[in-house]
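Only one chain is given next, in structure tokens, and it is the form predicted alone.
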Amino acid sequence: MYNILIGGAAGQGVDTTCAILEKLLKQSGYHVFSTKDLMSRVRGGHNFTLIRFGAEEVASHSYILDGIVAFNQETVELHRSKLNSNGFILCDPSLSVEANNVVKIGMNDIAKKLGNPKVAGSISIGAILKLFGETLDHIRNVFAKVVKPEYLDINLKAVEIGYDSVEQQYPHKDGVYGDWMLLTGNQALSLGAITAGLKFYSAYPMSPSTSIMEYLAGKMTEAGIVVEQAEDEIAAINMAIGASFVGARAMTGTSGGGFCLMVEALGLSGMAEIPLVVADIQRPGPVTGLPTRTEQSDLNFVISASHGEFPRMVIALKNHADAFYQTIRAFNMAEKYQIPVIILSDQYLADSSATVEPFDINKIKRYCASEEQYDGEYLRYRFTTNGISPRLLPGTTKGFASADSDEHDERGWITESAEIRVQMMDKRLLKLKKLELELQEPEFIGNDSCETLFLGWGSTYGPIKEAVTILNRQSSKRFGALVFGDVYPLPVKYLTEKIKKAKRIINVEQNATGQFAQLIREKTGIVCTSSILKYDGRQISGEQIAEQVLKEAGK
């Protein structure tokens, strides 16, 4: 498995260079995983992307580098200490870097002679392909999908010059992933929504959720959906609720700050029992926080957001394939139980790219509410044994399809009756009893007789999985992990079973206070032995988890 870093200032073409290189590596058969470290500015600063690739599946990123492609001096200074002893630094001669492992190509001068300074990135792509023993077989097809036709030949020429400028350093490894998909987390989530039957998406742009709207807007005609950029998040969620009320599968998306504005309308979805899917793509807060970085600090907020009590479900996405399948499930659960379902992702998963096995449509089950039959007067909020009332869509029936944000009776008429208030609250909350029977238990990773059990949720799945592999390989101790996707309501069956064998329980989270560990303690009484928490805006890696565990063990 190889790991390279491509870095430079915003505006120097780091993103485009990486996007093309990822596709070429996938076409070569590699499994690819890349993650972005972005500054919240249009130009300048320091941005970099880590691209990890190999003949085996890659679950997350690594900070241990086989190569650095530096578009500016800052990239060299910040990252050269993470370079393997055999690693290389590829850069322009204008950078001040002296070492035996430096590969200098006059990329800037060559690009100018070719007639376009922007093709310096393509020169670096050619050099990387040669350094890792790749061919140029796929460059025309890949570049043709990314660059405009008038710039195709000059970019291909730049790649060839870069390729001929260096010598191979690493052997090519045969992989089988050439036919897999290459997706970001937000693209996988969007495809899941389309597959689930999404018909209406409304949002206000907010990093790192904006790429959901961008992707869906690009598929509007092809997928037959309406995408609306609202004036703010309050309008966005209310639009989605309105669309869902009349029968369209609807979703809105935002990040934590935008979710703050949505919370009253979230309660409307709960009180009026209108299905709704909300994607909260987390970033560090509070307020503006770190707009382009990652964190898992919205958990406590989303499980209690909005005043009053009403049933809801929160699903945390673990990886790219999970983003696709769980988004479909979110729509099904929202419609089946007539509740808001919140999808929790984060910037790390949203912006990272990974090769994904083509989605298996045989795994997809779409729940569709049956057309309700009724005799006599139709009661929208009829009391039932499972709390789920019949739902008719306006304009499709002679029945009166109503909705009300006030407390209401079975017809949907406003009431302040103490008796009906209690009955209606009990009816709504009764849904949770049935919902809890459908919860998905966390995925168990590692040794079944583990003495140390990691607990995690969402996008820490990949790093925790890698940490368990590292620790079980390097240590005599037995390590395992439970990584949760369904986080509210909390499934507890596997947790209570695995906890009996573990001598040590360590929760791993991307926040400062251990919010998930608090939730587990509240719901089960289980107290974690210790915590590994990271909240600097950068995703923890498997190596960092393993290093901290071994450090605490005195190794």
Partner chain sequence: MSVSSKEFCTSETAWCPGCGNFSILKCLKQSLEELGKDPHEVLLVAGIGQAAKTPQYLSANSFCGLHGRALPVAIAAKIANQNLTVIVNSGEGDSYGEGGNHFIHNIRRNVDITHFVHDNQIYALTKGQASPTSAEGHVTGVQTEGSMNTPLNPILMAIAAGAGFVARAFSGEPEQLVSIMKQAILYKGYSLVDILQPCISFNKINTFSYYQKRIYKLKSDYNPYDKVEAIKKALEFGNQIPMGVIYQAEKRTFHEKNSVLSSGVPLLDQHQDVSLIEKYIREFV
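Every value quoted in this text rests on a predicted model; they were computed, and no experiment measured them. Residue numbers count along the first chain shown, from 1.
As for the form predicted together with the partner chain, it is not shown, yet the points below apply to it.
- For the chain shown alone, residue 221 is a contact residue for the partner chain in the model of the complex, at least one non-hydrogen atom being within 4.5 angstroms.
- Contact annotation for residue 137: none of its heavy atoms lies within 4.5 Å of the partner chain in the model of the complex.
- In the model of the complex, the partner chain lies farther than 4.5 Å from every heavy atom of residue 52.
- A residue is said to contact a partner when one of its heavy atoms sits within 4.5 Å of a partner heavy atom; residue 311 fails this definition for the partner chain in the model of the complex, lying far away.
- Using a 4.5 angstroms heavy atom cutoff to the partner chain in the model of the complex, all of 187, 215 and 359 count as contacting.
- The chain is drawn here without the partner chain; in the model of the complex, the stretch among 428-436, 196-204, 294-302, 476-484 whose residues come within 4.5 Å of it by any heavy atom is 196-204.
- Interface residue among 229, 108, 469, 84, judged by heavy atoms within 4.5 Å of the partner chain in the model of the complex: 229.
- For the options 424, 89, 248, 114, the one in contact with the partner chain in the model of the complex, meaning a heavy atom within 4.5 Å, is 248.
- Residues 228, 229, 230, 231, 232, 234, 235, 238, 239, 241, 242, 243 of 228-243 are found to place at least one heavy atom within 4.5 Å of the partner chain in the model of the complex.
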